[in-house]
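Take a look at this single chain, the form predicted alone, given in C-alpha cells.
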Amino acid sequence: METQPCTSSSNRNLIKMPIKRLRSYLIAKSYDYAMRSTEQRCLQEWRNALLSKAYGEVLEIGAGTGVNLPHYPHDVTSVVLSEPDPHMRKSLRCKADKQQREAISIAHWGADSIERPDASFDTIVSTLVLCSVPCLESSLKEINRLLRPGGALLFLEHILSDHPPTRVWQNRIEPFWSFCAGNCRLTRDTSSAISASGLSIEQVIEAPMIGAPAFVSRTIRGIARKS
C-alpha cells in the first residue's frame, strides 16, 4: 500500500500564512540566533551596564524575545514588558517564566499607544526598538507622557551613519532592509529626535556595534531624562 508524503502541521501552517505574518514568524524564530555573535561581542556588556541604571517601576517597549531580562536589577519595583508582535511575545513569555521574579508582566501595546495613565513609570527602556517603530516622534511623545518627572529613558539604538558613502547605501537599501527586518529603518537620527521630544539627554556613548554590517553598526546608548 502506497503512503502519501507527510507534511508536518507547522509546515502546513507556514504555507497558509500571509506574507506579513510569515515574515513576523521567521524574524521571531531567527532573531536570537542572528544576533548571538553581536550579543557576545558587545551588546550583552552594553545592556548590562545600561540596565543597571533602571529603577522603580519600569516599562520596556518592544521587548522582543526578552534579551534584556537577565540584566534588570533585582531591586526594581516592577517590569512591564510591552511587545506588539505575537510571535515575539511567545518567546518573551517563555523567557519571563524562567526568571525568578514575581513583578514581571507582559503586554501587547505598541510603543506609541501604551494603555497606562500619564506619569506611570520611573524608567522606560528602549533597546534596538526606535529604529522600527512606525513613527519615531509619536513613540517619543508617548515615552515623555508616561515618564514621571525626573524619570529616565534608557536607550540603545543604531542610527544614521556619519560616513557619507555609507549613508548613500543606507538610503538605497532601506526599503528592502525594512521589509526583511521588521520595519527597521537605517536612516533615523534618533539622538536629535529624543532631544526634540522634550527629554534631556544627560549621558550618551557612541560606539560601533561589533560584528554588525557597516550600515547598522553606528550606535548610541545612554540616558535621557524628563525634567
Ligand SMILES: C[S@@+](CC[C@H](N)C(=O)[O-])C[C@H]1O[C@@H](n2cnc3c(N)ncnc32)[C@H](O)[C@@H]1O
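Quick caveat: nothing in here was measured; it's all calculated off a predicted structure. Numbering starts at 1 and follows the sequence shown.
Here the subject shifts to the form predicted together with this ligand, a form of this protein not shown in this document.
- Contact with this ligand in the predicted bound form, defined as a heavy atom within 4.5 Å, is made by all three of Gly62, Pro84 and Leu128.
- Between 144-152, 69-77, 116-124, 103-111, the stretch whose residues reach within 4.5 angstroms of this ligand in the predicted bound form through a non-hydrogen atom is 103-111.
- Taking the partner from elsewhere, Ser91 is found to have every heavy atom lying beyond 4.5 Å of this ligand in the predicted bound form.
- Taking non-hydrogen atoms only, Val133 approaches this ligand to within 4.5 angstroms in the predicted bound form.
- Heavy atoms of Trp46 never reach within 4.5 Å of this ligand in the predicted bound form, leaving it off the interface.
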